[in-house]
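Quick heads-up: it's one chain on its own, the form predicted on its own, in structure tokens.
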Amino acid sequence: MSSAVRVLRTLEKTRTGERCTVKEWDYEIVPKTLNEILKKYNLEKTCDTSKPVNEDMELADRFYQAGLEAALRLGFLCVDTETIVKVSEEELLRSLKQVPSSFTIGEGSEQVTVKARRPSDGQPPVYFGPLSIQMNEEYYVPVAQGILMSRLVDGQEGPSLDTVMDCPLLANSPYESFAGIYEARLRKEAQWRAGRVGIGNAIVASSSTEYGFLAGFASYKPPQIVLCLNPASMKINYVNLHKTIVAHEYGHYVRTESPTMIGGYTGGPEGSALASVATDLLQYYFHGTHLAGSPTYDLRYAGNCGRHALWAQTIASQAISRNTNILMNKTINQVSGPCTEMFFLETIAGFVAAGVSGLEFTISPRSGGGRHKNHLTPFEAWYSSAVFKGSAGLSAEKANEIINEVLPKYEKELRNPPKGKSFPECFNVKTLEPTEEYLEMYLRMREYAINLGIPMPPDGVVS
């Protein structure tokens, strides 16, 4: 069965599935089901904040079995039709055997292969950068060029635009269609300037609906990674199914994502971890997904570098990576901005936890939580990738030693993080030279990470 036909089958289930309102799903069905399963598998109150990276692999395997039951009992809610789409146990288990365990992207010397990992296996994960942080149009090419100057960055997604030729980029309008084409042109110029022609892409960054996606699609030679993001945890919608069908039919890789929220309808860290496992298990069956994403955020500060979110995300990653070949993408969401020590400390905690837990792929950074326009520079991307790749072979015990060293230095600031400085305040926009202040901080924090026991690969530009 072709992948496009697979998605058509999902579309049929959205039309014929059991009726359910979003309110019923969020307030009754999901929390009740997750709580029942947590209790059944003795998973209540298992979050150990003294060990942000789970060290008990039997517990991770129990979360996997519980997540499998949650996937079968819940399925996904399609918010457009208000119907539940479900899968039988036989169908789901068969699909998990068909999940591709690797894929290759990029051309020539820019080729990279994303491969299934296991916790602490030492295999370097793949890093794309940056996330779709908004930038002024005149900064797009310089910041993207600067990020791609380091070979630590394996591929490109962002940044994104909120204007096109000084016009507002309005969703569901022809401005968005123009943005899909315009972004591709800027992206290719940045890649040429950085000497990275042929590098893999995650597309389309400057698009909130299917319009910008469909407009920019023809600008890229397949296969690329296509951003087909679901609206929320355990939910799908027609916008995403539009994207998924087209991506498959034209030979691209599909990346889907449904984040879980600690403090939302998935509950605390245990419930959110359980929902994350279930979501990752369902995404290949419903979307033909090549990269499944279900990161966990903490609603108290809209990030995931605090103790509860670190634990939930790592145990969910361990559960999937130990028991399947599903290729995962989970975002590490720093809430502090560029040119702050807190950013580097959050990065150490978030990426060490991810690297040792079997995560194969991520797109980063999210400087300042993505809230502040133009708050993105090359140093955040280079540092994140170095920690991610360098930590791949560390043990969970060593990871906890490192994380418990850095967490007390910033965790009280998670709800009121420093904004930091913008790209033109940190780098010369024309020459791409960093300020003395930021260069000193970056090199000092690299040395700090090395002294903690992280074998940081050099960036090839200033280190």
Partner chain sequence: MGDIFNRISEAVRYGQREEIEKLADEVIANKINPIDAIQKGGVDGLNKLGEAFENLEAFLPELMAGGEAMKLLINKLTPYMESDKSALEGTVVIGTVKGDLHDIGKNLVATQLAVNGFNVIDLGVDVNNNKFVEEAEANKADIIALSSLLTTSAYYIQEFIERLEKDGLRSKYKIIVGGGPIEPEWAREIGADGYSRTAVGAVKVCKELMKQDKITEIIIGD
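As the structure is a prediction and not an experimental result, all values here were calculated from the model. Numbering follows the first chain given and starts at 1.
Separately, the form predicted in complex with the partner chain exists; it is not shown, and the next lines address it.
Since exactly one of Asn237, Gln123, Thr83, Asn325 fits, which has a heavy atom within 4.5 Å of the partner chain in the model of the complex?
Of Asn237, Gln123, Thr83, Asn325, the residue with a heavy atom within 4.5 Å of the partner chain in the model of the complex is Asn237.
Among Tyr140, Phe213, Tyr182, Tyr265, which has at least one heavy atom within 4.5 Å of the partner chain in the model of the complex?
Of the listed residues, the single hit is Tyr265.
Segment assignment from 58-66, 421-429, 395-403, 408-416: heavy atom within 4.5 Å of the partner chain in the model of the complex:
Result for this chain: 408-416.
How about Pro168 - does it come within 4.5 Å of the partner chain in the model of the complex, if we only consider non-hydrogen atoms?
It does: once the partner chain is placed as it appears in the model of the complex, Pro168 has a heavy atom within 4.5 Å of it.
With heavy atoms only and a cut-off of 4.5 Å, decide whether Thr113 touches the partner chain in the model of the complex.
No, Thr113 sits far enough from the partner chain in the model of the complex that none of its heavy atoms falls within 4.5 Å.
So in the model of the complex, does Ser177 come within 4.5 Å of the partner chain, heavy atom to heavy atom?
Outside the cut-off, so no.
Test of understanding: in the model of the complex, would Asp48 fall inside 4.5 Å of the partner chain by heavy atoms?
Contact with the partner chain, no.
Judged by heavy atom distances of 4.5 Å or less, which residues of 361-391 approach the partner chain in the model of the complex?
Contacting residues: Arg371, His372.
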